[in-house]
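Presented as structure tokens, the chain that follows is alone, the form predicted alone.
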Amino acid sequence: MTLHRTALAAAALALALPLAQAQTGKLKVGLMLPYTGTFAALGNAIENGFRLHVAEQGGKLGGREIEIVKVDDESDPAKATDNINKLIKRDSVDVVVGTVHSGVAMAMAKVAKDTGTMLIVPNAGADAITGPMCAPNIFRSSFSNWQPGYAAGEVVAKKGHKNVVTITWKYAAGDESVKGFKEAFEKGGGKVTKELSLPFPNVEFQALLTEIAAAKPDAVYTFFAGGGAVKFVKDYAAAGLKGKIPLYGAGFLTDGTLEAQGADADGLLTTLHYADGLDTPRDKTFRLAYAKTYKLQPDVYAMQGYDAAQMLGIGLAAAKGDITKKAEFGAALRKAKIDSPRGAFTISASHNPVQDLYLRQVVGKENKVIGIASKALPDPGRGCRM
């Protein structure tokens, strides 16, 4: 009888051990980010920010030691499904963090939704991720494309501009940013008279700049990022448009790009959920730690990577380290006030940040805050059913 009980106890222990190890052993995080191409600098900054927060927590989040597995997504939507499946099936990651490119992120969100894998998006603003694609296991630490666009539309309308030309890459991020801008600008009494675009990552802007010069709008609104943003700002100035037709943009136009843009970016007004010189104790601590660790100044991408790790830590702590407890994970994030370098923010029912959007002006090598464009702006989360 005693032997039988001992055998049963041993069997129960053997069954319990993998579960215990799953909740206290290493948590595998798959970083699916661009490490080559137009958005390479953005991917590196996100990883740096993520690693910084993990290091500040002693290498653990929610009691679990963090192990990182990386894949270069090359900003290529055609490779996205294979890349995320490699992380989930080959590398057995517990959670995926990525990415920058909205088209890639959409494919990632579909796989995450289908497999139930936890996904935290540290940049890509595709509206559908926290709209029709929303799911209990998908979260965003950044913004929806609609948010900075909408905030910019409010600013441009308040400045009294009546007709505006928009220009962007023809892909989800550009289309949705322009859509958000147009919604607010036309609500404020303005009119978007022309919507110009070119395929991603094409940077041959000359013909479109000629069209802008001929149209003579009151202002131009744009969405570009990374290397494309550098070239657009320089080409805009070279075409003689700087100083003649005010240029406004989603903040990615001048974030992480000012060094390369030089004087051509001076005075540009952009809207974003982060800025240089916020001058809060939280941001000062973050910027100092980042500069000390990486010998670089942090930008919006680094901050979003940092907050992706913060969010993972908050959810994991509530789930007692068990990433499969999605209800506990999600509930904790929805009621949390996240102490971010951008300023405290909350998470909406569709799992997108509710946050202040700042109006920034380029002064030298900094995006200086000159006001708040939209206070605690929630993404509408249109089409989200959870």
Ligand code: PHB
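The shown structure was predicted, so the numbers you read here are calculated from the model rather than taken from an experiment. Numbers for residues come from their place in the sequence shown, where the first is 1.
Keep in mind that the form predicted in complex with P-hydroxybenzoic acid is not shown, yet the notes after this line are about it.
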Answer with one of 112, 120, 124, 265: the residue that has a non-hydrogen atom within 4.5 Å of P-hydroxybenzoic acid in the model of the complex. 124
To verify the annotation, which of these, 108, 225, 151, 312, has a non-hydrogen atom within 4.5 Å of P-hydroxybenzoic acid in the model of the complex? 225
With P-hydroxybenzoic acid left out here, work out from 89-97, 182-190, 151-159, 168-176 which stretch has heavy atoms within 4.5 Å of it in the model of the complex. 168-176
Is it true that 39, 42 and 102, all three, sit within 4.5 Å of P-hydroxybenzoic acid in the model of the complex, judged by heavy atoms? yes
Is there any non-hydrogen atom of residue 274 lying within 4.5 Å of P-hydroxybenzoic acid in the model of the complex? no
Taking any heavy atom pair closer than or equal to 4.5 Å as contact, tell me whether residue 145 reaches P-hydroxybenzoic acid in the model of the complex. yes
Please run the contact check for residue 139 against P-hydroxybenzoic acid in the model of the complex: heavy atoms, 4.5 angstroms, yes or no? no
Applying a 4.5 Å heavy atom distance criterion, does residue 301 contact P-hydroxybenzoic acid in the model of the complex? yes
Just give me the residues of 239-253, first to last, that have a heavy atom within 4.5 Å of P-hydroxybenzoic acid in the model of the complex. 252
